[in-house]
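Taking the form predicted alone, here's one chain by itself in structure tokens.
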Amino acid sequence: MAGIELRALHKRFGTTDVVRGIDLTVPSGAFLTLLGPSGCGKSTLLRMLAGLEAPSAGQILFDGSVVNDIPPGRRDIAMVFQSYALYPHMTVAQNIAYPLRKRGVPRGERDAAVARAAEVLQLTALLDRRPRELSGGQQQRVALGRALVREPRIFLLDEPLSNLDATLRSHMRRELVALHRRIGRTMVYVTHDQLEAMTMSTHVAVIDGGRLQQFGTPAEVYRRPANRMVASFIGTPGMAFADGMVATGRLLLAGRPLALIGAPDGPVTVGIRAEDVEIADTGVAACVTDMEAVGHETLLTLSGEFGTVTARAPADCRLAPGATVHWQVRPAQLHLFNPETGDRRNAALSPITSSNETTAP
């Protein structure tokens, strides 16, 4: 296993900065996901870890040793790409054994290593087949086996599940998590799919515009997003935002008191997640402008004086577009952000209980 440390890492292509001063420390044995929108720099960062791209500035360290000038073949890493790149004329066993054969590992040791990898990945019964005889999920496991058989200290995976259908992706997510638990090696996984990041990782690094926006566990990133970008990118449906104001110890939306707050007066952006919105008999009046049935529940889009929010409702919800409802949210579940920088603002929020402000949600 190996821990990874990035120090002020930069990558520039011509005049374009793709990775901008990333500092990051990844513990040994972690499953780290680099998460962000397309073009944010996450794949370039992975290629620098692999040694396929040289940093423009900064350092990459494995277990405390700088590896900037060490070529890919000597970094003791294995990389799995979006394309499986299996040799069509070779059997599964031959594909898995190929990196060992290139290194001159004796036949007996190769066979033993292939057998171990095949058992871990449930490929033992498929060792004599060729890639064309395999499903997409099976081909992906062969690509993983080819990496696993080398017993590297770090696995690098660049969107390896993106070519699979939804059912296979779900299956392979579980298999990758189980594999990580069994072998305990450091894994760095690149994706723009937040579901993959949140369900598979021990740690998530959210990247946007080449900069690290937040690093933490999936729960930390979801529950306490560091800024508005992270808050909007993490979560399905996305967080709703409204322009608020802090005045004389109260948080106001559309001029109405929402909560008591310990923060200086001034504008603030309020973030509200769908799971924290409750349809109630009293509260903020809103019109149902859209409904989306997603099987186990229905997502309601509510528009009113506080702007637009999304609420979760039971699958058998009998509301219809155009209906008027009321919603409430507990103050402790609100997220506050600086309207200029987008950074998170930490402030104590509590319900308003005075009789003259009972209209607050």
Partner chain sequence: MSPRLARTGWSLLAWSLILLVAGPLLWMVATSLKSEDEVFSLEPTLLPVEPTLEHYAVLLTETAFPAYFANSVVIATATTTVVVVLAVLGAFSLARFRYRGREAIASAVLLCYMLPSVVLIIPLYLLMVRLGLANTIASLVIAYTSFALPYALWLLRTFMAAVPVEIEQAALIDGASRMGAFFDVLLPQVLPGIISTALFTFILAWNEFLFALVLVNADDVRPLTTGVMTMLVSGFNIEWSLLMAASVMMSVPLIIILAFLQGHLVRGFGAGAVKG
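Numbering follows the first chain given and starts at 1. We call the rigid core whatever largest set of C-alpha positions still superposes within 1.5 Å between the two forms. Being a predicted model, the structure only gives us computed values, none of them experimental.
FYI, the form predicted in complex with the partner chain isn't displayed, but the following is about it.
_Give me the residue from R169, R110, R150, H180 that has a heavy atom within 4.5 Å of the partner chain in the predicted bound form._
Going through each option in turn, the one that passes is R150.
*Between the options V105, L86, I234, A118, which residue brings a heavy atom to within 4.5 Å of the partner chain in the predicted bound form?*
Filtering the options by heavy-atom distance leaves L86.
*Contact test in the predicted bound form: P99 vs the partner chain, heavy atoms, 4.5 Å*: Within the cut-off, so yes.
*Would G238 count as a contact of the partner chain in the predicted bound form, using a 4.5 angstroms cut-off between non-hydrogen atoms?*
Output for G238 is no: heavy atoms all beyond 4.5 Å of the partner chain.
*Is A50 close enough to the partner chain in the predicted bound form to count, meaning some heavy atom within 4.5 Å?*
Flag for A50 set to yes.
_I'd like to know if R146 sits close to the partner chain in the predicted bound form, meaning any non-hydrogen atom pair within 4.5 angstroms._
Looking in the predicted bound form, residue contacts with the partner chain include R146, since a heavy atom lies within 4.5 Å.
*Has each of I77, F81 and M90 got a heavy atom lying within 4.5 angstroms of the partner chain in the predicted bound form?*
Yes, all three are in contact.
*Quick one: find which of 289-297, 311-319, 31-39, 66-74 has residues within 4.5 Å of the partner chain in the predicted bound form by heavy atom distance.*
Result of the contact check: 66-74.
*asked:* Does H89 move appreciably between this form and the one not shown, meaning a CA displacement of 2 Å or more on the superposed rigid core?
replied: Yes: H89 shifts by at least 2 Å between this form and the one not shown.
*With both forms fit on the core, is the shift of the CA atom of R181 between this form and the one not shown 2 Å or larger?*
It does not reach a 2 Å shift.
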